[in-house]
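Encoded as structure tokens, the following chain is the form predicted on its own, with no partner shown.
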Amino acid sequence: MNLKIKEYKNSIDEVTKSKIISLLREENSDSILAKLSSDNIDSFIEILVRSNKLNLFTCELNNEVIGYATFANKPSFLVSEFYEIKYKIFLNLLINFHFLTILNLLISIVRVDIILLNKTNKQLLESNFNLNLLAIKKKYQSKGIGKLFLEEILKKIKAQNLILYITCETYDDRALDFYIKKCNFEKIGIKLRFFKNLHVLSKKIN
């Protein structure tokens, strides 16, 4: 399979951004990011590629962007790195009556959402790389592409960083099955959300 994995640093072209936004809305519709306007998601992606604490990867097949993934060196950077657009995000959510999303964002910022994790798993989650979002275009799912994409990204991250674990969260039962059965993640707890909690998973990579 002639897959091309690309990491974006410092800049990204408008066509690729547009394709990522479409994938985000189609495949990560439950995420907070998918509730934002295209302009705000555009700003998010620009900050993402400029940051040395965040990572953006795409997966291409025959010159078509069919997947993307975002990582943070630590989950806390998903808040601190986007400080400059926090008011734009809250205003956007407020104007569009996404009150539940605002509530979930606030409990995440103040870390109330991790109260059900034990001390060891809290430390594991907060001190390791976090896979924030991962998506593969629907018609390419269940073909082994998502697993291969993630494996190739982890190779790149391992080569550049001394980390022991990767963590991720998901609402979706199908995604949970993918991470556990296909990628050997282990469920370590849940994060509180209204009205559907997030499964929290980890994988030892070193």
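The first residue of the shown sequence is 1; numbering continues from there. Values in this document were obtained by computation on a predicted structure and should not be read as measured data.
Below, we refer to the form predicted in complex with a small molecule, which is not included among the displayed structures.
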Contact with the small molecule in the predicted complex, heavy atom within 4.5 Å, among 165, 57, 178, 44 goes to 178
Since exactly one of 125, 89, 72, 134 fits, which has a heavy atom within 4.5 Å of the small molecule in the predicted complex? 134
With the small molecule left out here, work out from 136-144, 154-162, 45-53, 32-40 which stretch has heavy atoms within 4.5 Å of it in the predicted complex. 136-144
Residue-level question: is residue 9 within 4.5 Å of the small molecule in the predicted complex, judged on heavy atoms? no
Looking in the predicted complex, any heavy atom of residue 182 within 4.5 Å of the small molecule? yes
